[in-house]
Structures are given as C-alpha cells and as structure tokens.
Ligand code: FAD
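What follows is a single chain, given as structure tokens, in the form predicted alone.
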Amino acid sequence: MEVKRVLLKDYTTLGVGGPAELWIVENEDDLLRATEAPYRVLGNGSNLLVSDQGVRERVIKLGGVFAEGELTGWVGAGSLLPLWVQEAARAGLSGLEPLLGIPASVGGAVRMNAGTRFGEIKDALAEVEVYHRGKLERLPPEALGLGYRRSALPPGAIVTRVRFDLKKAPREAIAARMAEVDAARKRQPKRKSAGCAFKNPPGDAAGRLIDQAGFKGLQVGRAMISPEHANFVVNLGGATAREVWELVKRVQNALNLELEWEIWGEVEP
C-alpha cells in the first residue's frame, strides 16, 4: 500500500481540488487498514468537485487486485470503464456499448449508475462485490437501489469488483451501436470538465434549459459554462472550486435543476 500527500486537482477530470492524504490500496488487508479512520473513495475523479482546501479524510483509491480482472469474470472496481467497453467490443460481447465515452472507474460508475440516453451500467451488471464494515459481500444489482444517477449503497460502502452480464453479438452490430453513441456525444467539450453538472429533469434536458436561459459561455474567473454543451462547466486552466461553484449556483438560482456531481469539502464562497 502506498500513502502520500497529493493535490486532488491532479486526480480529478475537472482539474480542481486541494490537498489530501491518498491511500492506494492493493488488497483486502490494505482496505481493512485504510478504512480504520474516516475516509472517502476516489475513482477516476469524474462527476466530482473538490474544495480548494482539499479534504481532511483519507482518500482511498483502489489499485492492485481491485484494478485488475477478466471481462468474463470479476472486474476490479478501480479499473477504468472505457477499457472494458473497448475490450468487450473486440471480444464480440454486447452490453457495454451505451457506456462509451464515460470517463469513470468501474466502481464509480456503479455507485452513481453512470449512463447515457442509450442505457445505464445497471443494465450490464450480473453481480457486485461491496466492502462494508470490514466485510466483503456479493450482491445482485437489484439490491443496490440503482436509479437515475444514484444508488442506495450505505455510507462508507465501497464497490470492489463487479461481474458484467454480456451477450455474444456480431462485432459489426456492436460497432454500429458504438458509432451511434459516439455521434451523440460529439457536442461534449474537449476541455477539462467533471461531466454533466446537472441531472436532466423529467421529460427535458438540463443542457437545453441552461442554454435557453442564456448561460452558455458564462465565465467566472477561469471556469466557464461550455459553449459546446451548456450542461458542462469547463476549466480554462487554473480554475478554482469556488469559481466553478459560483457558476453552478447562478444556474441553480435561475433554474430548478438538481446537481449531478458529488461535492467534497467546503466550496461555498
């Protein structure tokens, strides 16, 4: 196990976040030790806004056996979802195509039931291994309370491994499906971001509402509501959490939208 002081801006897709003690756990014994004090769990750092002051808790990142696996067996939650999407396509296994382009760890994707308008990760799960209160337990996906960008995992529970439920399919059909998903994601910005900032309200799209309200391109410091897609806040380089949060609050003060991101630490001005 490796323990080190880091700046979380280097571990988030938005590129924002202050100091923390990072614990990289490689096996179950490491996990037991790392969870002896208050902790948070870091996946690939997407859908996350971290305070400029960082966090006091230990930050656990899964490595070792929790970042390995086999597509037709158990897959480590610390591994990256995009790698498995591509491997499944090469193997002629269908089920992960809707998740193309989601920059999440497998565990993070399960915790928030990541997905696109084409499908969610819950649709591709057979079984999930969860660490909670010193024990590992294997659960069916329906036991996790997975819904639109949420789960009912108890506080402190850590997704450690998953088994995917994939079906054989012609590679040409898988490639066509992935091309359809990729085409729908072309409008997303190329700059650093935390992914979609707000959940889509029933029957509508958050990005459309934000654009219609005139917020697209609004800038606070080095943070900006993306001109390409209004449901993304992008880092122009050197943005702070408070600048990002000010944009979020301006949108929320004008529109009744629920935040999709997780917030770590104090981000209020």
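Residue numbers run from 1 along the displayed sequence. Values in this document were obtained by computation on a predicted structure and should not be read as measured data.
Heads up, the form predicted together with flavin-adenine dinucleotide (FAD) isn't pictured, but that's what we're talking about next.
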query: Proximity of Thr240 to flavin-adenine dinucleotide (FAD) in the predicted bound form, heavy atoms at 4.5 Å; finding: no
query: Leu96, heavy atom within 4.5 angstroms of flavin-adenine dinucleotide (FAD) in the predicted bound form; finding: no
query: Contact of Thr13 with flavin-adenine dinucleotide (FAD) in the predicted bound form (heavy atom, 4.5 Å); finding: yes
query: Ser51 within 4.5 Å of flavin-adenine dinucleotide (FAD) in the predicted bound form, heavy atoms; finding: no
query: Stretch in contact in the predicted bound form with flavin-adenine dinucleotide (FAD), which is absent here, among 136-144, 87-95, 150-158, 168-176 (heavy atoms within 4.5 Å); finding: 150-158
query: Any residue of 93-112 that, in the predicted bound form, places a heavy atom within 4.5 Å of flavin-adenine dinucleotide (FAD); finding: Gly101, Ile102, Pro103, Ala104, Ser105, Gly107, Gly108, Ala109, Arg111, Met112
